[in-house]
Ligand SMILES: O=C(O)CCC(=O)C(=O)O
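Only one chain is shown below, in structure tokens, and it's the form predicted alone.
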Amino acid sequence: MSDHLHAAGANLADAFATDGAVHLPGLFTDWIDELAAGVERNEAQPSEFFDDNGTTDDAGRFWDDYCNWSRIPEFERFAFQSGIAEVAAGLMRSDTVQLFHEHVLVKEAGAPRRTPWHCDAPYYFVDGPQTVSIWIPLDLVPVESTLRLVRGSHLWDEAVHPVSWTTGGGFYGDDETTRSGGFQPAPDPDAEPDRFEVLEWACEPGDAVAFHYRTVHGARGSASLRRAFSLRMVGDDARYVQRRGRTSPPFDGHEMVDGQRLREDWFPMLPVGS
């Protein structure tokens, strides 16, 4: 873990284990220009996974893209040189940190579209106790448009049913309102504020919010530009899980089986320690 977090490391790891999310102010301030250049390059050269998420010409766009770190040098430098793996290792209490993928999410000024309440694990073919996403805003983010996370939801017995961000229907083509396949319907924390505690932090550029793959989260629309870069990582105990349909990202042709660690030639180890 980086020097300025080392003293608080144990407390942060405890909070991450209990709450499923922590706020890390000012962690990557020195990397804002680098990541912003990468996001600009990503928008100009989108991948096959680029998605406007159903936004229209008369509204601010909400676009996202992922799995571009190997072709966008700014993203690759950040993953391997920023020290983010040490932070991830400390939070997960893992000896190793493996890169799963990166994700860019941009809400343009006036973008009305919400990010629906969801957790990431059911979309992925990897799961386990040692997983972490580190979300980094590249712009000033007021609390009204920040990432919102349901405290302790990573410890629920059932993960939240995955839905399509574009259609709102079940991601695997099933009914998202019923319990099936070990999933539960997405909660509505705003409708039941006494039942759920929402963690949400106003953020400066270069702050970070770290959260577990099973932590339920979402976001409102944004009145101002909100660019965010997120790096998804796994630790010692994460394993491949066969889902009942094509995952997101799909990583076609991976040839892994249930219980296997992610193949290192596709999902490289990140440097931890000196």
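The shown structure was predicted, so the numbers you read here are calculated from the model rather than taken from an experiment. When you see a residue number, it is the position in the sequence shown, counting from 1.
What comes next is about the form predicted together with the named molecule, which does not appear here.
- Stretch-level contact analysis of 233-241, 209-217, 22-30, 65-73 against the named molecule in the model of the complex, using heavy atoms and a 4.5 Å limit, identifies 209-217.
- With the partner removed from view, the residue among Trp201, Phe183, Tyr172, Trp165 that has a non-hydrogen atom within 4.5 Å of the named molecule in the model of the complex turns out to be Trp165.
- When the named molecule is considered in the model of the complex, only one residue from Val126, Val132, Val87, Leu147 comes within 4.5 Å through any heavy atom, namely Leu147.
- Contact check for Arg151: every heavy atom lies farther than 4.5 Å from the named molecule in the model of the complex.
- In the model of the complex, the named molecule lies within 4.5 Å of some heavy atom of His118.
- Using a 4.5 Å cutoff between non-hydrogen atoms, Leu105 counts as a contact of the named molecule in the model of the complex.
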